[in-house]
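Read the single chain below, which is given as structure tokens and is the form predicted on its own.
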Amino acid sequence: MVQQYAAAAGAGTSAERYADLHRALAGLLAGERDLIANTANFAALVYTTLPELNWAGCYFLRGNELVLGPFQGRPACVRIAMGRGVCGTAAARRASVLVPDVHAFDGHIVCDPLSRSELVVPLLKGDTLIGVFDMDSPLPGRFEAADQAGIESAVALLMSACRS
């Protein structure tokens, strides 16, 4: 099923891409409630269907730090302190952070020197922070408001399907 959406998700407008992504995600989540399984499929779906990404994945809150979870891309930083870097900032704020140029973001953590822009969306179950979903691109300015809205909507669907 993922393959049938992969080609369509890479083409068309942002709205069409995210509509395709949401349909594919709903199919992947149907009947599955496990957080690890669902976030693994979500990371793979995003990485393989959205263009111009070099990393997509999750970090889970463990104590006062984020710990690497399922992802697609090159090896990543394993632990990130709350409030540190783009991921830690999004987690601390419990709000999405869109960074057009990571080199201009004070405190950016360089896990992959090829990354130039980043979008991080918190994984919330009600008011409880579970972690963050992170996307990196080698292109500066890759992410726009439409990407943020599309991924926030997809993350909401993801988290509604998962038990915490």
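Since we're looking at a predicted model, the values are computed, not measured. Numbering starts at 1 and runs along the sequence shown.
Not on display, but discussed next: the form predicted in complex with methionine sulfoxide (SME).
- Looking at 25-33, 44-52, 123-131, 105-113, the stretch with residues near methionine sulfoxide (SME) in the predicted complex, meaning non-hydrogen atoms within 4.5 angstroms, turns out to be 105-113.
- The closest non-hydrogen atom of Ala91 lies beyond 4.5 Å of methionine sulfoxide (SME) in the predicted complex.
- Against methionine sulfoxide (SME) in the predicted complex, the set Tyr18, Asp147 and Leu158 makes no contact: no member has a heavy atom within 4.5 Å.
- Contacts between 117-155 and methionine sulfoxide (SME), taken as any heavy atom within 4.5 Å in the predicted complex, involve Glu118, Asp134, Asp136.
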